[in-house]
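Starting off, we have a lone chain in the form predicted on its own, written out as structure tokens.
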């Protein structure tokens, strides 16, 4: 075991500069310090990213978990994915309703099934069968995330209408992991699935790098997403920052915007975005935590 560790978080791309994000900044500041404490104590990367995303989902401050907004039929459908670099195993769920923490369901797929991605009612039943908490029909579970107004729920504005949460980590054993969760586009078509739950597009971890993406999922899918970044590094010899920026350029060509967070096996971190801001935080062994919105 080494003394090196690093973790990065994001609360989604897209920020309205006219709105107050102090609550988000406080939350990210507290959470990144909690994540650092757990990694210092030897927590694995896969457990660190799952726990971080659980807390991001539970806060209701982002378009994921409690912050997810209804689609055009009035239902909330969530997507999530998680991947463990050392084992190469991944799990995901998509278009899933009625589960408190979608990332827990994704972890259950990774840990207890031969599958990588489960959808819809099948994903929900699998999650409940494996100990995930159901949302009570009588409980007021969801809240609008910071920066989103009720009037925007029926207006699909790609500049504001998306959001995702994610975490990437390097643990003291050198393991990498990534986790990503979203409520998808606000006012989306029922059944719509973006890049988040697709291993290799919205979420990826291997022995070299861990990546979590956020933005317009269709454009990330068309641009190759996280695996395009790793391919540029492996086959093109590009540095992490160069490869990440180049992929986002293709996202823009495809008509989308967004960003990503990535950590490599040396603890280097990049957090590029081409959207109007991205909620993000990062800490590395021996350094003070940082939180930025714009």
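Residue numbers count along the first chain shown, from 1. Values in this document were obtained by computation on a predicted structure and should not be read as measured data.
The form predicted in complex with a small molecule is left out here; the points below concern that form.
Although the partner is absent here, residue 185 is a contact residue: one of its heavy atoms lies within 4.5 angstroms of the small molecule in the model of the complex. Though the partner is left out of this view, residue 216 does reach within 4.5 Å of the small molecule in the model of the complex, counting heavy atoms only. The closest non-hydrogen atom of residue 196 lies within 4.5 Å of the small molecule in the model of the complex.
The closest heavy atom approach of residue 203 to the small molecule in the model of the complex falls outside 4.5 Å. Heavy atoms within 4.5 Å of the small molecule in the model of the complex map, among the stretches 81-89, 207-215, 109-117, 96-104, onto 207-215 alone.
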